[in-house]
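One chain comes next, on its own, written as structure tokens: the form predicted alone.
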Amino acid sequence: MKAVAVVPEEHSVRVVDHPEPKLEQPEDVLLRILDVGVCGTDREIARFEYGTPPPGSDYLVIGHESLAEVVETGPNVTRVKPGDLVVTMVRRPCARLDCPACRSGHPDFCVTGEFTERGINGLQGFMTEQVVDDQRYMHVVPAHLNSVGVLVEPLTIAEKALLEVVDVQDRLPWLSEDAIHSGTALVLGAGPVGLLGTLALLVRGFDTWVYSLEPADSAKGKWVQSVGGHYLSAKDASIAELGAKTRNIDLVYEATGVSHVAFQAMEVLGVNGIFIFTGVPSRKAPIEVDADLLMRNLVLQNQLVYGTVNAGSRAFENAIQDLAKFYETWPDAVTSLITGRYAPEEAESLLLGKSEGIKQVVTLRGE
């Protein structure tokens, strides 16, 4: 069975001959992989910046953004059935009994750091023909989302962030429970995470601005405007000028991993505002930050800053529901987020070459 893997000892990325999986436990499910999204994490693993093969393996099958079809189920499986489309969660809990997060079913908040992640850390990923996994990590995707279901996992980043927004806004006693108070939102970056986050904010009623490098008349700029958002290019205005264009910025959703842009945006965050970090910057030279201004604003304007990574079960369920809403409302825009489909044999050049378009997908459909 073929799989796309990184081989640390060879410092290579290639298609390997990977053993065919078998059902071993009563709750195991055999999946036929259809699509696997490629993201910045995969590219960093392909450059050997991180990524750890499972114990005893000399390679790591990559890929954590998956869409698959159920082929066979173990005798105790009740969540899924053959023919279902599913997205499988990435992170697995650590084994430590003293980790309250993992023991309560929330490995995305693991406190020990000893978790594993499919295609990233200690577990083989999804960029292969078939996979076996436990039913508890699978979420059923409606059949009509077959062509775009691979977007569920990157959407979970925004979904987890917005679940936390509900909890954070609970500090404001005049707001209703279990509902996001919409206002003005600023999205930094027009990659897949940023654009999916834009849709998630729009369906919740936010007046949403996207700030990115591409010109306003670029494909991404036009895409944002086509779904009802506002787009401002860094070539046309600074973030300070953007802040002057909008009323109080209630929420900043950072999806660039570019620290100097993020901290500039923090300066225009409004009263009672929430700033969400999702990007992970690579180590570069230090940047200058007006720490006094940021600290004054945080204190005097009741602001809150937090980071979010990975996602739990509820975020996956919300992502599937929201993707269905997006697809019903903006079918062409959602479909256009996937800008390239590639065979496994093309994965090496895809991973090591220049990132182009929005979301690239390795397909194993065999069509």
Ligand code: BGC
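Computed from a prediction, not measured in an experiment: that's the story for all the values here. Residues carry their position along the shown sequence, with the first being 1.
Separately, the form predicted in complex with the ligand exists; it is not shown, and the next lines address it.
Participant: Among 336, 310, 318, 303, which has any heavy atom within 4.5 Å of the ligand in the model of the complex?
Facilitator: Contact check passes for 310.
Participant: Answer with one of 207, 134, 117, 84: the residue that has a non-hydrogen atom within 4.5 Å of the ligand in the model of the complex.
Facilitator: Only one option qualifies, and that one is 117.
Participant: Is there a heavy atom of residue 90 no more than 4.5 Å from a heavy atom of the ligand in the model of the complex?
Facilitator: Judged by the heavy-atom cut-off of 4.5 Å, residue 90 is in contact with the ligand in the model of the complex.
Participant: So in the model of the complex, does any heavy atom of residue 159 sit within 4.5 Å of the ligand?
Facilitator: No - in the model of the complex, heavy atoms of residue 159 and the ligand never come within 4.5 Å of each other.
Participant: May I ask you to check whether residue 254 falls inside a 4.5 Å heavy atom distance of the ligand in the model of the complex?
Facilitator: Judged by the heavy-atom cut-off of 4.5 Å, residue 254 is well away from the ligand in the model of the complex.
Participant: Are any of the heavy atoms in residue 39 no more than 4.5 Å from a heavy atom of the ligand in the model of the complex?
Facilitator: Within the cut-off, so yes.
Participant: Any idea which of 142-150, 117-125, 74-82, 208-216 reaches within 4.5 Å of the ligand in the model of the complex, heavy atoms considered?
Facilitator: Of the options, only 117-125 has residues within 4.5 Å of the partner.
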